[in-house]
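In the form predicted on its own, a lone chain appears below as structure tokens.
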Amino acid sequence: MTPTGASPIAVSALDARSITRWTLASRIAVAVALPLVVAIAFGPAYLSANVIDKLTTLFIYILLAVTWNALAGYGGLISIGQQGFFGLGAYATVRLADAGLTPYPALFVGAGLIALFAYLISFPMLRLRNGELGIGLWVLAELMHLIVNLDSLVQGETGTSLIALNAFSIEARRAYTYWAALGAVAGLIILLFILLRGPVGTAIQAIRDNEEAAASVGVRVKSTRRLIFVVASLGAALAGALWLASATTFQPKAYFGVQWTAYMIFMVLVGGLGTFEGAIVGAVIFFLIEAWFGAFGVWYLIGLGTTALVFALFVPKGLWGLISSKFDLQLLPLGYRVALPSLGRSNR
């Protein structure tokens, strides 16, 4: 029996609708990405030293972008203090290496310790809301900077070096840093994809949109926000440790500078705040702009600021957000889609 005024064909189409996540485009994207990552993993065997260094830098930028996007774009937790975790990740690596731990394991152990630190400070910091949280994290980052400066190993702003890296040849060091960066960014992207695609992703977006309403339907607000905060801090700490492995020198002012968070904001705004693919696209765009125009000094920074302002005003969804809405394109889908077969097909 059909509803009044509804044709049998329309009813048949509605009955045949299906809920899906993956589209043809997303399946193709994953099918291409997997062998591409494998090919990139063998990069040190066939790529030049300059290309390896450039790709390592790109991996670090992607790591920063995807984790800040998870924090702000999906979690609604606007932070302008992520440089604190970036700097602490590098500092922890220096300290662990000085204590005798092999440098490359120290990168990941140090980042893990900073994630634990982020978990502890999340209890008081996540009581803050909106702008208060952003300013509070920036103040905390400055406090971290001052405390690190007091360490005799660091020697104030004079800094120090990751001397333990001298045990490796230049070629080995370049390859190990490259693989560590590739592994870190791949691991964090997979982790975030799993988290944001599951109940945590649904919960954190509900909290972002309306915390009180989310809590009223049983969403665990505090623990969910804390989880996203810790993962984002882990990503920033890993990025700082990897930057240290690439640069070998540690000067607190360079690592705790607010420009790192500014870079994160730029990448996410240009790529698309709150879109999974957008953060990666934004990181690639920032990397290319830096490679082509970084030598222009202050004009380069002015250009970055102007570009971010233009996107914020006229393309608020970012480049990928614009592409996605225009062409209904999702390469790494997090949500569900209602798929309706064509009327011709439903007749069969």
Partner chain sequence: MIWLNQILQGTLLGGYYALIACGLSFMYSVMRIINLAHGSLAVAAAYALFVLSDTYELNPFVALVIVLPVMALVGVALQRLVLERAKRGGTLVPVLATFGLAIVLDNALFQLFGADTRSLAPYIDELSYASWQIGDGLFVGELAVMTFATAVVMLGGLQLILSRTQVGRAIRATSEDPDTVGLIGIDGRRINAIAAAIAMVTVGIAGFFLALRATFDPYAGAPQLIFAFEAAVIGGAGSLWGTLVGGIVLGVAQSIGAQISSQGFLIGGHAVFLAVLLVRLSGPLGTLTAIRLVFRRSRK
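Just so we're clear, the structure is a prediction, and the values are computed from it rather than from any experiment. Numbering follows the first chain given and starts at 1.
Not pictured, yet referred to below: the form predicted in complex with its partner chain.
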item	value
Residue stretch of 100-108, 165-173, 259-267, 182-190 approaching its partner chain in the predicted complex, non-hydrogen atom distance within 4.5 Å	259-267
4.5 Å heavy atom contact, residue 119 to its partner chain in the predicted complex	no
Residue contact check: residue 68 to its partner chain in the predicted complex, 4.5 Å heavy atom	yes
Contact flag, residue 135 vs its partner chain in the predicted complex, heavy atom cut 4.5 Å	yes
In the predicted complex, residue 76 touching its partner chain (heavy atom, 4.5 Å)	yes
Sole residue of 30, 313, 45, 49 within 4.5 Å of its partner chain in the predicted complex, by heavy atom	313
Contact residue in the predicted complex, from 227, 247, 154, 140 (heavy atom within 4.5 Å of its partner chain)	140
146, 273 and 305 each touching its partner chain in the predicted complex (heavy atom, 4.5 Å)	yes
Members of 272-304 lying within 4.5 angstroms of its partner chain, judged by heavy atom, in the predicted complex	273, 298, 299, 301, 302
